[in-house]
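This text opens with one protein chain seen in two forms, each one given by itself as structure tokens under the names structure 1 and structure 2.
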Structure 1
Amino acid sequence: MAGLTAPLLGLEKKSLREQALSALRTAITSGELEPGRHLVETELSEMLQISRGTLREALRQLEQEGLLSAGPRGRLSVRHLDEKEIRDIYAVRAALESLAARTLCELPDRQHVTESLHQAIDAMTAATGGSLEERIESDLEFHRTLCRLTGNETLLHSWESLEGSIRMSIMFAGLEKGVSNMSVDRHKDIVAAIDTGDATLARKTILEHMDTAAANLVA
């Protein structure tokens, strides 16, 4: 683990598990902990200045999110995705989010929906000059909001189960390709389609959004 820098060098004493989660997510999504890298608990716990018990809780959460995978004897490593897995992830995303878009189009009053989505887009715009993690989080929050606004908890839970894999797909592609998928204008198109109330148009817009994103990531 030699050579790792912030955010893996020490944590404050409050909310240690959450801080460990945030630090490790950042290290993975930034490439500091590269795909395929085996994690050594003793070194990580010492570096983060937390107990191995707290570290294990954080690692277990990251495994559930799809950022880590277990190998022989349960040894954890940073997950590596291949092109097929990325296309599969985005196909499932497209199915979930097109369902969300259709559901929102069927609402008799969509004003609160478009207002909430425009707020999420404003947050994406504000994050443009920020860190990679901030940009990823603002992008994911837009799509999370899209699903949450449906009121369908099963849909939202299914989408959230993909978050770790989505993050890893960005890591697979690299910074430039990942950021290009976070274009604000592409997300405005989704909101505009939902605002029309045309479920067919909204579904088509989502499917094109996801197809383009997947193709860009594996190009």
Structure 2
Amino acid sequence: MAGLTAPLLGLEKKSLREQALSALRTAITSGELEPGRHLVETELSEMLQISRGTLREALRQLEQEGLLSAGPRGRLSVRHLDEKEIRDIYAVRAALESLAARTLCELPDRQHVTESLHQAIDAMTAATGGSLEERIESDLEFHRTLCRLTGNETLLHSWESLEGSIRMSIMFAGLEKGVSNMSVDRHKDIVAAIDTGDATLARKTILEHMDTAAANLVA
């Protein structure tokens, strides 16, 4: 019965749990599941066509990612962000990405780094004319790449754990405000700063970027 939900794609290696995870993440960060909404396990499991056990594993992960908050009696609801929390999230994000920028400057092989980042910039440029979602996606991909290129798995993992909260922040503030942070030129500045190899400059550039980004969101 559940075999016909989404099978005919050549790559069916994702577990149902991961599928549910993606589906829920999308539903939450797109606003389909509005903030504050109480989640009922039986309801969701039926909606997603998976068992409660499998669903609960996904919910634990979302809870830890900060997309869900637990109320009394273990009841989960979609997390609600206020302006302070958005600032807090961006403060942590800034700390992580400034570490990334510094690390990249001290890397021996900066050639590959530069190439990958320019590639990410190109993707952002290509998405300029696209939908808001596409632009957000390419922006996040740029910053994720920033963390990935450091080769610090822990850093990447921490950033990805924060990614859901970042998406919620953008969604919460309104996508229009969100995309205002996604100027391609701004990101070129970041790459340029890293290219110089000046860790202090790179860190400063990232921090300013994050600062204005957060300011735009809560404005």
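Numbering runs along the sequence of structure 1, starting at 1. Heads up, when I say rigid core I mean the largest set of C-alphas that superpose within 1.5 Å between the two forms. These numbers come from a predicted model, not from an experiment.
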**Request:** Eyeball the pair and call it: which is the form predicted alone?
**Result:** 1
**Asked** If the chain is split into two rigid parts moving between the two structures, is residue 194 assigned to the same part as residue 95?
**Response** yes
**Item:** Estimated from C-alpha overlays, the smaller rigid part's rotation between the two structures in whole degrees
**Value:** 13
**Message:** Can you give me the Cα shift for residue 49 between the two structures? Core-superposed, in angstrom, one decimal please.
**Reply:** 8.0
**Asked** Keeping the rigid core fixed, what distance in angstrom separates the two C-alpha positions of residue 73 between the two structures?
**Response** 5.4
